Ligand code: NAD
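Below sits a lone chain in structure tokens, taken as the form predicted on its own.
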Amino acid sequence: MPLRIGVIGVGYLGRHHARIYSELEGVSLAAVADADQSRGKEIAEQYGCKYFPSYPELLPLCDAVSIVTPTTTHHAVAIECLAAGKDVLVEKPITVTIEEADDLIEEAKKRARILQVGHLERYNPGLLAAAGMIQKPHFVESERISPFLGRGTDVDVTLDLMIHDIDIVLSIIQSEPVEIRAIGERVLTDKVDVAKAWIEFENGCKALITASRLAQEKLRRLRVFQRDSFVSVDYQNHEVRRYYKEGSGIACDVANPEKKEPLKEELKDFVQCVRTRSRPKVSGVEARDALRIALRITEMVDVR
């Protein structure tokens, strides 16, 4: 019997959730919900499913849902879906506050439901290829900059972009942060549009994370420095370079893993977690930990 999945919110990203679910084997895209009726009906017709203007109406038709609505609505929508006994994938960031995140984690636990959060860079082929090259990092540097697109501006850039790299850094370093320093500015919106954070961890590792939505061009890069080598990941081109000492110079190995759509890999993993009742790679707990640091960075920028 196919797994019946609904998509709540079919805007810029949600329509891709609908597309991918409609293509996955053993999955039935049961319905989509969106307050914009023309958009919702268009997506429903395109992918052969039902449309509802209000998300509670699609819940009886679904075993699981993707929530791809504005961040400020994540808690209200997800808590109702979990309470209705549905497994949930909610886009990042999990919620606006730690209290809301804790509420979702507790509800999912109480209902024995899957709660996965859409940190899709965890499924980037470049990052996955680099994992075997990373051993004991001493310093991690990440940059995530984008042109101003006018979307995602309901939250600070720390929650829109930087939180991706906070989650990745936490997964790589696997230690508790002990000190955070940050700077940033509001420029084109009433939210923080550019930010830079320095984080020191209990195990001695350090990280420098930069995020901006004011750049001329898009850049997504991660560099991990460790004893005798450093690894550079280009998220956009799915390319990994490992630099290491050879004789009196530096040599470089280049890896170009098979290009795959990270969102498709993420949704396939969600389906697998639902079927096997397995813990997601990014559960509510990991998402809350990233959110906590992102909010702390935002607070430090605000008090300047």
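Fair warning: this is a prediction, and the values are worked out from it, not measured in the lab. Throughout, we count residues from 1 along the sequence that is shown.
Same protein, other form: the form predicted together with the named molecule, not shown, and the subject of what follows.
In the predicted bound form, segment of 32-40, 252-260, 274-282, 239-247 with a heavy atom within 4.5 Å of the named molecule:
Careful reading of the contacts points to 32-40.
Even though the partner isn't displayed, in the predicted bound form is G126 close enough to the named molecule, meaning a heavy atom within 4.5 Å?
It does not: once the named molecule is placed as it appears in the predicted bound form, G126 has no heavy atom within 4.5 Å of it.
Would S28 sit within 4.5 Å of the named molecule in the predicted bound form, counting heavy atoms only?
Heavy-atom contact with the named molecule at 4.5 Å: absent for S28.
I'd like to know whether G118 contacts the named molecule in the predicted bound form, with contact meaning heavy atoms within 4.5 angstroms.
Yes, G118 sits close enough to the named molecule in the predicted bound form that at least one of its heavy atoms falls within 4.5 Å.
Mark S229 yes when one of its heavy atoms lies within 4.5 Å of a heavy atom of the named molecule in the predicted bound form, and no otherwise.
Contact check for S229: no, nothing within 4.5 Å of the named molecule in the predicted bound form.
Site check S142, P177 and W198: each within 4.5 Å of the named molecule in the predicted bound form by heavy atom:
Not a single listed residue reaches the named molecule in the predicted bound form, so no.
Can you list, in sequence order, the residues from 88-107 that come within 4.5 Å of the named molecule in the predicted bound form, counting heavy atoms only?
Heavy-atom contacts to the named molecule in the predicted bound form: E91, K92, P93.
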